[in-house]
Every structure is written in C-alpha cells, then in structure tokens.
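Below sits a lone chain in structure tokens, taken as the form predicted on its own.
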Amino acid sequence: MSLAREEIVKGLVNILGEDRVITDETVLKESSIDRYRKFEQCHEVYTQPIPAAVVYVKNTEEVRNVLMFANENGVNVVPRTGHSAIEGGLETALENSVVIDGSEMNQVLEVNKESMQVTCQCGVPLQSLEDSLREQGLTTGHSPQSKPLAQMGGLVATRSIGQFSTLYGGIEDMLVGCEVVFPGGQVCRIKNVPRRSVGPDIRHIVLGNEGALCFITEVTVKIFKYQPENNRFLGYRIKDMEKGFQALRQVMVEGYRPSVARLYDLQDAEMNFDWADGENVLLFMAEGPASITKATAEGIDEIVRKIEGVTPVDASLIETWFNHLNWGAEQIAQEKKEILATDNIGITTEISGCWDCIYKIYASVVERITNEVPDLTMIGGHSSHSYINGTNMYFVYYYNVVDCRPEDEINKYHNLINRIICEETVRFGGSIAHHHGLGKARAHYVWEEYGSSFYMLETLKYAFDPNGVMNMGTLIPVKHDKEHPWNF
C-alpha cells in the first residue's frame, strides 16, 4: 500500500526541511502538467492528478535520500529541471506523485579548456552557461529554441538537439560523462573520456531516459571555439518541396557540414519570412574557421543553384531571421494572451526519417491532417536537422478551439493530430520523435516505434526501476489501475 498524502509530505519534510517541500495548491496544480496541455494551462484547468509535493533538492545526497524514500514507499516521482517539456513527460500521471526539482543544483563545476569540456550540475540554465562560455570565446554548440528556459539535466534526459546540430550533433554527441542516481539509492558516475571500448556505451542508458530510469545530477559536455565573425548565411526560395529535400540530401551526401540547414514548406515559410512570396524556403548557415566557412558556403551555393526552381535571396535576410530564433518566458506569456483572446492555438510535433521516406511522411501527414482535423487554420512544417542518411520534419499546426471546454481540447484536436503524425511516420518507416522525447503523449505508440526491440527498453525499465516509482507513464504507458499501475 502506498503512503497517504500527509505521510508523504511528512517524510519529505524529515529529509529536506519544510522550506523545500512545497504544498501550495497553485504550485502543485501548475506542476501536474507541462506544455503538452497548453490550452488547459492557459485556462488554468488541471485534469491530471495533483502531486503531493514539489521538492527542491540541492545536492546528490538529497536526491538519493528522496529517491530511496519514494522507492521504499511506492511513491511515484517526476524529475524535472527547467520545466520546459512539451510532450507530457512532466505530467504527474499517478495520484500523490512527488516532483523532484533540480533547478537549485545550478553550479558550473569546471570549465576545462585543456580538454575542451565543461562540467555542471543538472540545474544550470543553458542560456547562462552559453553566455558565460561565449565571453571566453567558447560554446557548447547546443542551442535549442528553448535555450532561455532549458537546463542541463533536462536536455540530457530528453535526448535534446540544438539548432546547430548538423555541425555539432545532438546532446548524445556532446555528452562526455555524468552522475546519476537510481531509485534504489545507487549513485553512478560515468567518467569523462573521449572514447572507450569497454562494453556497451552506458551513457545511452541515461540519455533520453526522461526521468523514467534515474535522476541526472551532473553532466559534462564538450565545448568548442566560438567564432561568430566567420558565420556565412545562404537563403533561397524553391518552388518544389520534394526538390528541397533532395537539395538537403545532396549537401549532406557531398560532405558539407553547415551548422544550420533548413527547409520550410510554403505554409511555414509564410509565417516566418515576409519575402517567401508563396514559395518554400531553403536556408543554411556555415560556422567555424574562416577557411572552412568559405568553402562550405561556396560548395553549398554551387549545389543549390543547379536545382530547378531555385531563387537566391540576400544573405542579410537569413542573418536577421537567425538573430530572433529563441523562445523564452516573454514569448510564452505573449502566446498565452493570444490564445485566450482568439482560441487559436499553435503546436509542433517533430519526427525523423531516412531520405527515401521523409517526403512521403510529410506529404501524407499534411494530407490527412487537412482532411481529418476540424477547425484547422494551418498545417505545414520544416526540416531543421539533417544527417548523411536522412532528416527530421517539424510539423507546425494551428487550429481554432470551437464549441469545446478547455479540458476537452486535448482529445478533440491535439491527440488526434498526434495520432495521425505517429501513424503515418510508422507506416513509412520513420521515428515518431526526433528530439522532444516520447513523454506520455507519444508513449502510447512505443510498441509500434520499437517493434521487437521493445524487449530491450522494457528490460531496462524493470531492471533500474523494479518498484515502478520513476516517472511512470513516460516512455511506457501504465494501466489505469491504482493497485497495479506497474503492469504494462
């Protein structure tokens, strides 16, 4: 039997003290969801179980003590840092959960310029870390749109990616080592080395675990020279979206590595570029040493200009766009005002696929959403992260919420669109989540996503969380059975 709500709070106070065990009703309600339920959030309607407490931890030992308490008493915990998740991963799906907030573990522990790596606690804000490094002529190379909000632990936990990934890679390419705590109280440190061949790469147990296996307390990531004075920008209008994908593929296959490589369809382009003139938009940025950026920009330009239906645009237009990419608290507040005023809401869902299927996924998803979703005002998207063998697609969609209570919007619109995107992506052989994580929103499609390899994921979950207390419902759904929620 799980502890009663009052007993949970009492036990946490004994570990951390009253000042770091928050039971304020408003805080608890706001902590029951993330931005997947954006419409409910804007209307302050909360449909998920309200947690028993939000606790603020300040060091690894406190994390360990809280996790052991939860593990021994069958209390579900939801690890978080920046609270910027958008796929339901931070929802408290079970009654009397505890949110463990690591945002006060916010110290940069070491900037090692010799080995070109930085070590910091999980709650270090990426924006402040990046600003500090750039003052020293350095960069993490990691720049997601959520940079003003995101913190280092969450970035690793969600297997995030940044806007310069085509050059620097995703967080999995940047993570050197880390410290994590498992629910049984085991504190594990993966040491910092450039590479090793000593069995499976256990960093990948931590990367993307979304708080369903462990709590990340410390991370070490690579750093790079920061040379913005050498940046080069390229932009084009392109008539045909399929030819745009072919252009991205050719750039990658020929061996060029721009930091930014993006393709916008005409609907998404219209929202972002006042010069798109009803066409798709293709753009690139090259960065690094001057000789490399020059060769990269010239090589890409030569490739793209040979494609039928391409019109180059002035590079300054791309630079202006580039300087206004990030999304912080100010933009979220403005978005809330607009949603409340108009009942029109915009959401994104990202997937990935190899070059031989990505256009099929894109075209099929757009067609189905156009035909099947009521009150739609826009469906489009862009590719923003490319590889030698494929790319991602970032679907962008807006709809009016019509004759619908805030608590019903999620099923009438958002979940419907999510389902269509996941179904078509799986049908053509892509992956249903490129960098936002499965969360709880897309966990329902985990079996289709993993296929026969689900055995491996399930085995990891049972092994590292045998009592089922780590962010249940994330990665793998749970049955709606209060007595046996651990049964998949």
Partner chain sequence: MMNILTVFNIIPDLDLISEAEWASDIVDTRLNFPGVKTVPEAQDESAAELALRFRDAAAAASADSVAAASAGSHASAAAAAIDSEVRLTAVTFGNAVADKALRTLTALGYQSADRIDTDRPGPDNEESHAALLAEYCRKRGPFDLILAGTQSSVSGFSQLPLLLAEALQFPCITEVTGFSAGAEGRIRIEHQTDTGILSEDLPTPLLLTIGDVPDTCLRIPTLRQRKASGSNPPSVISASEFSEELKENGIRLQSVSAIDQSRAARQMEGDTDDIAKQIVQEYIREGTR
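Numbering follows the first chain given and starts at 1. What you see is a predicted model; the values in this text were computed from it and never measured.
Keep in mind that the form predicted together with its partner chain is not shown, yet the notes after this line are about it.
J.: Indicate whether the candidate residues Q136, Q163 and N230 are all in contact with its partner chain in the predicted bound form, with contact defined as any heavy atom within 4.5 Å.
T.: None of them does, since no heavy atom lies within 4.5 Å of the partner.
J.: Pick the stretch from 140-148, 316-324, 219-227, 114-122 whose residues have a heavy atom within 4.5 Å of its partner chain in the predicted bound form.
T.: Answer to the contact question: 316-324.
J.: With the partner left out here, check for me: in the predicted bound form, does some heavy atom of I379 sit within 4.5 Å of its partner chain?
T.: Yes, I379 sits close enough to its partner chain in the predicted bound form that at least one of its heavy atoms falls within 4.5 Å.
J.: Is D403 close enough to touch its partner chain in the predicted bound form, meaning at least one heavy atom pair within 4.5 Å?
T.: Contact check for D403: no, nothing within 4.5 Å of its partner chain in the predicted bound form.
J.: If we define contact as a non-hydrogen atom of the residue within 4.5 angstroms of the partner, is T370 a contact of its partner chain in the predicted bound form?
T.: Yes, T370 sits close enough to its partner chain in the predicted bound form that at least one of its heavy atoms falls within 4.5 Å.
J.: Examine T342 and determine whether its closest non-hydrogen atom to its partner chain in the predicted bound form is within 4.5 angstroms.
T.: Contact check for T342: yes, within 4.5 Å of its partner chain in the predicted bound form.
J.: What is the one choice in E110, E298, D375, E95 with a heavy atom within 4.5 Å of its partner chain in the predicted bound form?
T.: By the 4.5 Å criterion, the partner-contacting residue is D375.
J.: Answer with one of V253, I202, A290, M271: the residue that has a non-hydrogen atom within 4.5 Å of its partner chain in the predicted bound form.
T.: The residue in contact is M271.
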